[in-house]
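This document opens with one chain alone, in structure tokens, the form predicted on its own.
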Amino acid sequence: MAKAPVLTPQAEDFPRWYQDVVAKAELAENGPVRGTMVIRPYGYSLWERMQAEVDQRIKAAGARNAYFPLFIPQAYFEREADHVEGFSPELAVVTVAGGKVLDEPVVVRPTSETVIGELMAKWVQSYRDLPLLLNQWANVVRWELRPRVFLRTTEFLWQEGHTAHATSEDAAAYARRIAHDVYEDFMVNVLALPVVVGRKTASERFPGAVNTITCEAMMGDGKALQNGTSHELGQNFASAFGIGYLDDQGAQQTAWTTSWGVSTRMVGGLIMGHGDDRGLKVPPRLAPIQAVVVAVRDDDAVLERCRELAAELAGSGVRAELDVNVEVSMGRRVTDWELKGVPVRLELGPRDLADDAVTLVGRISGTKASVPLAGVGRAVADALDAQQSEILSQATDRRDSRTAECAGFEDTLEAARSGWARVSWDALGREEGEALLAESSVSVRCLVRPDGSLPLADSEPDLVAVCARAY
């Protein structure tokens, strides 16, 4: 009898494959309240690595971490009309606490523009207080009607940055800096997803924003995933919350603000952007475990050498794991490590030891080679570097091969059935064409210049719409 596959094949049922990977790689599971999730240790270790890399870049951009309340007065949301309208269907509102009906309902944080705006108004008095660059790592709640673990959950983890500036130019430049120097840099050079950075259309902007910059990544089934956004809020929130300052001439001015965030949705992007029918493929720079040393047999000499090898790798800066769980079959253990997407696997048995060698297996490259134990540190380092480049190349080749240059509405719709379409915004019919695409569950993910770069204004000529089905 043929052995049943560990995972549903992607080509057979991509959503089921995704659910299988989440469960069998022990990443997460559904929480007791519909729409919530429990992130298991291995899944959380992926998030921790993402968090550390993004946080480093945020701090390099000048922002400082703070923390703001989970509960926000409902009245705050009523000060900015577009914001409250955009979030009303998703709000979780507390009306009873401590056994009593509250005098004023409070909202469980869906995002923090309102409460941070209230505090910025207290902290900003003079142009010398600007720019004020803040970030927080937190959980948020948005009541999700169609939940999917990591991709859309009622509660999720994220970072949200909030800044106030003296001029619109400074605010716009900072929003672009976050999009490029923080998000795009991380997503391309660590997460190995070649994102397209573009402007959202008016209908897709963040509620209350005057411009939203998005980072869009292609998943393995050709759909798009919004991996992160950076918003120019103009003076909408500053006016609503009284964020003003005295300029260098002593005149009262209104500040310009931004907000920006990435979330645990990026874990979903990692799974769908790189995974295959054997499970995860984790880029080496991101991987919480870069190399695992696997003892093939229950042999004292083999076990001791495996321990030494794992310690040697850890000492050289490789995030290494030791697997001497020899009571479990080698086949089962190999399957489990492949499911988790560990980039390098070192297999050592009695025969390898006799040859003073170890078998090095690359999860991303699919290669398998015997390397001398004396040079294994260098071989692992080289393999990690090569596989980081290779996984980015694989994702870029897939995106480029499944992106079609289109002339108008019909071929855009056809191309978006299996991949992405690039079409002139004017030839599509702008907002009218966008609305027609939406009737077929295709959206304009973003607007870019013909060369793929980020436009600075919606009014730029020759804008290109990137269209796709999306998560």
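Bear in mind that the values here come from a model prediction, so they are computed numbers and not experimental data. Start at 1 with the first residue shown and count on from there.
Below, we refer to the form predicted in complex with a further copy of the same chain, which is not included among the displayed structures.
Asker: Would T95 count as a contact of a further copy of the same chain in the predicted bound form, using a 4.5 angstroms cut-off between non-hydrogen atoms?
Answerer: Yes, contact at 4.5 Å.
Asker: Taking 4.5 angstroms as the cut-off for heavy atoms, does P89 touch a further copy of the same chain in the predicted bound form?
Answerer: Yes, P89 sits close enough to a further copy of the same chain in the predicted bound form that at least one of its heavy atoms falls within 4.5 Å.
Asker: Decide whether G31 counts as a contact residue for a further copy of the same chain in the predicted bound form under a heavy atom distance cut-off of 4.5 Å.
Answerer: Looking in the predicted bound form, residue contacts with a further copy of the same chain include G31, since a heavy atom lies within 4.5 Å.
Asker: Closest heavy atom of K122 to a further copy of the same chain in the predicted bound form, within 4.5 Å or not?
Answerer: The answer is yes: K122 has a heavy atom within 4.5 Å of a further copy of the same chain.
Asker: Which is the contacting stretch out of 409-417, 438-446, 424-432, 60-68, given heavy atoms within 4.5 Å of a further copy of the same chain in the predicted bound form?
Answerer: Among the listed stretches, the partner-contacting one is 60-68.
Asker: Is it true that L225, F241 and G268, all three, sit within 4.5 Å of a further copy of the same chain in the predicted bound form, judged by heavy atoms?
Answerer: No.
Asker: Within 4.5 Å of a further copy of the same chain in the predicted bound form, heavy atoms considered, which of L134, L339, L353, V318?
Answerer: Spelling it out, the residue with a heavy atom inside the cut-off is L134.
Asker: Which pick from A172, L286, V141, L280 sits with a heavy atom within 4.5 Å of a further copy of the same chain in the predicted bound form?
Answerer: Looking at the other structure, the residue within range turns out to be V141.
Asker: Given a 4.5 Å distance limit between heavy atoms, list every residue of 98-134 close to a further copy of the same chain in the predicted bound form, or none if there are none.
Answerer: Stretch hits, in order: G98, G99, L102, V106, V108, R109, V115, L119, K122, W123, L134.
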